[in-house]
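The data below hold one chain only, encoded as structure tokens and taken in the form predicted on its own.
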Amino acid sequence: MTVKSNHVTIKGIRDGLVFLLDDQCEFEELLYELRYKLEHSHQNILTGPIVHVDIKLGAREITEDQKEEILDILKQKGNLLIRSFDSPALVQEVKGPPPIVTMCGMVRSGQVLHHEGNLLFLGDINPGGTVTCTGDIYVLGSLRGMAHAGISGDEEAIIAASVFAPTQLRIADVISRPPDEWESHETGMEFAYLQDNQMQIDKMSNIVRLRRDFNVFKGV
């Protein structure tokens, strides 16, 4: 098979080679031609002594994984030493916390609500009801049942509620029953978290101490 396109141009310079990669074609097509030319062209250069290589991608923006794909192809030729990799921008793949999924309703006694990830529940968790998540649990309503966050072992998970009066809390493997005074004092917006493997309860306004990526309103 003959590759007739010119998506990959290899130019010799005084101290090495420059690979000019087309920034308009499909990425897979670019990879195919790069492999082809390394196997069938410039054999006198690509099989000789160490050669320094500069890679230029024009205006093409690529991800870290795509960059590695290009480098892996070039590394198959043992005498090519990558000196520079010129791209206008490397697209950053977001690897932050998963998004919060919103659900609404009511979890009654005997019912179990399970969610993979972070959950914002609009409604009440009644006594005898259970909500479990691999991530955080936020209840915009009354939490009067059992809540278990970070069930896969995430010790940084938190449990928060507008009316915080659970019968039992669990974060990762740590279990805590509420103190007796929770039954008598006026409940409010609070959240639970782990500190030194112990369950801690704090006011919702202090949640930013743990979630420093939250935007904070400071007024004017």
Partner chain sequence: MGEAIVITSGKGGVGKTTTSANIGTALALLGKKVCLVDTDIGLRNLDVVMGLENRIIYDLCDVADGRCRLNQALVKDKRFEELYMLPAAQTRDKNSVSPEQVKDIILELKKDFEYVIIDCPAGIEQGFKNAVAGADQAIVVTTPENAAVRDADRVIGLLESSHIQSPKLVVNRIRNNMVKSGDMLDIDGILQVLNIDLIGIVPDDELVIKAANSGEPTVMNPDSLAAIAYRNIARRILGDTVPLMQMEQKKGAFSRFKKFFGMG
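Positions refer to the first chain, counted from 1. On a predicted model such as this, the values are computed, not experimentally measured, just so you know.
Keep in mind the form predicted in complex with its partner chain is missing from the figure; the text below concerns it.
Only one of 76, 84, 109, 102 lies close to its partner chain in the model of the complex, with a heavy atom inside 4.5 Å, and it is 109.
Within this chain, residue 141 is remote from the site of its partner chain in the model of the complex, having no heavy atom within 4.5 Å. Its partner chain is not drawn, but in the model of the complex it has no heavy atom within 4.5 Å of residue 132. Taking the partner from the other structure, its partner chain in the model of the complex has no heavy atom within 4.5 Å of any heavy atom of residue 117. Of the candidate stretches 133-141, 146-154, 76-84, 119-127, only 119-127 has residues with heavy atoms within 4.5 Å of its partner chain in the model of the complex.
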